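Below sits a lone chain in structure tokens, taken as the form predicted alone.
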């Protein structure tokens, strides 16, 4: 067994997100283009004889089965029948309940790390199956850096030639519950198969044209200040701005790295109450 391992867990943004309808099982059918970005949590894994110990310094996150990291470690140990243990130290940089998939990414990093540390030899498909029981976004973080997602997010198809994106993210200092946002949507139950034609993306203008998030209306009605954050990004040069996932983080896409970094620097000075990040697509 490897004694110690460190993994970076990237955040994601949704470049478009369509909610097609509510299913009879309570979940929602979606179509989305998901993209990992260079904003990371860092996880350090230390082997121990037994048990799972989780530490999240400078954070109020739960340290037991209420935490996806803990559940991911427990799931992979149960799946393999392994009696070894692990201590996991999380350095949290991705905001919590922010629409950036931080918890799901941490869970995926845990599955990958333990598979490597304990030399389980599990294939990607096996890890994705374990991940799918933890959360709808977990398989994406095991799949690759970008993907078209459908179903409840578990059906993934690679984006063949992803574009390099320069992004500025603004996270207001409040969380937003995904469950609450979806419950606020006024959708009919869908019983028949829905066909949705995925747009083609070959240049930046294609992404700007297709940027849309069906969850924005619900989130903006709960927090009207998110509209001002979108306008702020546009005023600082973003080609387009949109909420990621169920929010509340809003991101803008810029023409180049320099203009994005300048905007992030300016916004950091003028928005002390929010967290501002420059990132690029992975």
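Numbering follows the first chain given and starts at 1. All of these numbers come straight from a predicted model, not from anything done at the bench.
There is also a form predicted in complex with adenosine-5'-triphosphate; it is not shown, and the following applies to it.
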item	value
adenosine-5'-triphosphate: the contacting residue among 113, 149, 98, 73 in the model of the complex [heavy atom, 4.5 Å]	98
Answer option from 145, 178, 91, 80, heavy atom within 4.5 Å of adenosine-5'-triphosphate in the model of the complex	178
4.5 Å heavy atom contact, residue 68 and adenosine-5'-triphosphate in the model of the complex	yes
Exercise: residue 139 in contact with adenosine-5'-triphosphate in the model of the complex, heavy atom 4.5 Å	no
Contact test in the model of the complex: residue 61 vs adenosine-5'-triphosphate, heavy atoms, 4.5 Å	yes
is_contact(residue 104, adenosine-5'-triphosphate) in the model of the complex, heavy atom dist at most 4.5 Å	yes
Region of this chain that lies against adenosine-5'-triphosphate in the model of the complex, out of 104-112, 122-130, 80-88, 166-174 [heavy atom, 4.5 Å]	104-112
